[in-house]
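Form predicted on its own, single chain, as structure tokens, below.
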């Protein structure tokens, strides 16, 4: 029983990071109705930014987090103007194809630079022991940082003028323009925020697990599951959905082979699409 509880706790810690990754995906959807298929590649960018900052510059691992937030925001704005801006207001298939093309370009550049070999970043953090079970310090720290960043995003969206502008554009872009809000700049900023969240989640994931250039696909798929759990366009629900997904992984791991976990997750994905199309945690949306 204690072993199951330990697995659940560890799953919840990892789930908080899943939630942070999905917040970037759902923020972009909620503001501009764009499903970002470059999401997984951006998560990988965050992983390799950590690797380069630690190995080349000797920066402390968690010192890469604020760097990735700023760098991810800048990269996101650049990607918006390159591949998304002209797709706003067009059929969703256009933005899907555009962001998929960005995804392939990023993966191609990453493969040419780093190949597909596995990489690992050594992070020394004290662990916590409880009744013979050890919870790694990297998992605890990553979860804590994910919750802090999610809290800062909430403050930005609901307690600043910029956040009010973002929510106004998400609700009714035409009305926001009539009120004098520069909607194009707001859309670019929202995309930058979404990319920054995806990138920093990749940075946190890289402190916990080995990774390759192709690792982003798995986390992108998890982000879609989390987004469906939390409700499209609902950042708060995404965090709760991520924790729920981690909880499910923690509960399932002691009872079945790891290879069956994706089957359980995507079975839940289909069930939610049918039974809860607005998301199980859609009530958290303000």
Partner chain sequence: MRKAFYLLAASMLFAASPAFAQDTITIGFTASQTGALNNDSTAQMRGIELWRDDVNGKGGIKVGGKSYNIKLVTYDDESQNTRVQQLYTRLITQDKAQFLISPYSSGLVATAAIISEQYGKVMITTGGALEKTYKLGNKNLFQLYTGSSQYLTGALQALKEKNPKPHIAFVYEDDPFSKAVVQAVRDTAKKRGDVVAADESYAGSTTDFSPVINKMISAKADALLGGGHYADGATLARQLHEQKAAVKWVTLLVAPDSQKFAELGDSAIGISVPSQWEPQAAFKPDFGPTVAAFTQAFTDKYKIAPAYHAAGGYAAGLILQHAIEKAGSTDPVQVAAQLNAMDVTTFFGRTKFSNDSKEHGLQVGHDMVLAQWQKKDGKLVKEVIWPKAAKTADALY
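Positions refer to the first chain, counted from 1. This structure is a prediction, so every number in the text was calculated from the model and none was measured.
The following text describes the form predicted in complex with the partner chain, which does not appear among the structures shown.
- Between the partner chain and the residues 74, 214, 144, 156, the one pair within 4.5 Å by heavy atoms in the predicted complex involves 214.
- The shortest heavy atom separation between residue 14 and the partner chain in the predicted complex is within 4.5 Å.
- For the chain shown alone, residue 118 is a contact residue for the partner chain in the predicted complex, at least one non-hydrogen atom being within 4.5 angstroms.
- The closest heavy atom approach of residue 140 to the partner chain in the predicted complex falls outside 4.5 Å.
- Contact check for residue 66: every heavy atom lies farther than 4.5 Å from the partner chain in the predicted complex.
- Residue heavy atoms within 4.5 Å of the partner chain in the predicted complex occur in exactly one stretch of 38-46, 256-264, 55-63, 237-245, and that stretch is 256-264.
- Along 187-211, a non-hydrogen atom within 4.5 Å of the partner chain in the predicted complex is carried by 207, 208, 209, 210, in order along the sequence.
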